[in-house]
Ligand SMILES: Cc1cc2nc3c(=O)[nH]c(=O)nc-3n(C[C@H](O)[C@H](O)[C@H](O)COP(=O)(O)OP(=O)(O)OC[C@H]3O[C@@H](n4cnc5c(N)ncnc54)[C@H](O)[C@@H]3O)c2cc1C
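Next comes just one chain, in structure tokens: the form predicted on its own.
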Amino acid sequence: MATRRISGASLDHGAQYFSVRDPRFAALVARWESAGLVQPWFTAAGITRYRGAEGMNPVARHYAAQLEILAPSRVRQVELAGPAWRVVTDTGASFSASALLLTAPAPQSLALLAPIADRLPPPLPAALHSIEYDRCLALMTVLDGPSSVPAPGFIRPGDSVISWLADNFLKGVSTRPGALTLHATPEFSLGHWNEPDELCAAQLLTAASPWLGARVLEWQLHRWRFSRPTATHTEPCLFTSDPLPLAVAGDAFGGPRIEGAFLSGIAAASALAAVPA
């Protein structure tokens, strides 16, 4: 759920929408909608797609406002320190806790746990190793006028280069017309991952030319290394209390959707809350 500002335009460049299937998530989305955080965008095959009222990122920021966020800190290692977990950042700061929750993509969680992998139940690292992801090249483009993307502002070209195109103005996220986001297909993204930004952007803009409708003023490329889980875990989260309480969650467990990430988080929270104080 990521939104970026470019030259006065707002562009969602991760997930473009979410849908609702589970009643627990439906109850939450109803509260979001009442609070003005989200709005219906369009309906396809009988399923409503929701968007953030001001982009996808503000929905996450709504919850982050209630937390103590340490940024821009990068976790360097995770340790077992007697009866507690210890997390050490690249600034040298360390934090201790009785339980640990990891929601990073599986390869990043594995890297953090690698130094203590031999002290964890073998099924946990094995489960993380089995999870796989597609990569995605995401191109954000600002035009000097409206695009040619038809309403409601979302199309799937069905070719081998572009997975989908979204017009953030028609979507209602950007007040500036001609704010386009496109995601390359997994095949194109993997094949061009190591190419320079300029070369990737040129090929993507050429493929998108039928829907541009105006001159490109500016573009930015973002690389999602862990874009969409393709090999997922069957359980909604991983949990162990041996040697200390540890939960691993994310959309690779609850399903490769925003709703899946939510359901995985609920499962992890329930497991951690059940740990005796």
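This is a predicted model, so every value here is computed, not measured. When you see a residue number, it is the position in the sequence shown, counting from 1.
Another form exists, predicted in complex with the ligand; not displayed. Remarks below refer to it.
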Exercise. With the partner removed from view, which of 71-79, 114-122, 202-210, 185-193 is the stretch that lies within 4.5 Å of the ligand in the model of the complex, judged by heavy atom distances?
Worked result: 71-79
For this session: Using the partner position in the model of the complex, report whether Cys136 sits within 4.5 Å of the ligand, counting heavy atoms only.
Result: yes
For this session: Answer with yes or no whether Ala268 is in contact with the ligand in the model of the complex, where contact means some heavy atom within 4.5 Å.
Result: no
Exercise. Using 4.5 Å between non-hydrogen atoms, is His233 touching the ligand in the model of the complex?
Worked result: no
Exercise. So in the model of the complex, does any heavy atom of Ala127 sit within 4.5 Å of the ligand?
Worked result: no
Exercise. Which residue, Phe42, Trp219, Trp32, Trp224, has a heavy atom that falls within 4.5 Å of the ligand in the model of the complex?
Worked result: Trp224
Problem set entry | Residues of 5-33 having any heavy atom within 4.5 Å of the ligand in the model of the complex, listed in sequence order | His13, Gly14, Ala15, Gln16, Tyr17, Phe18
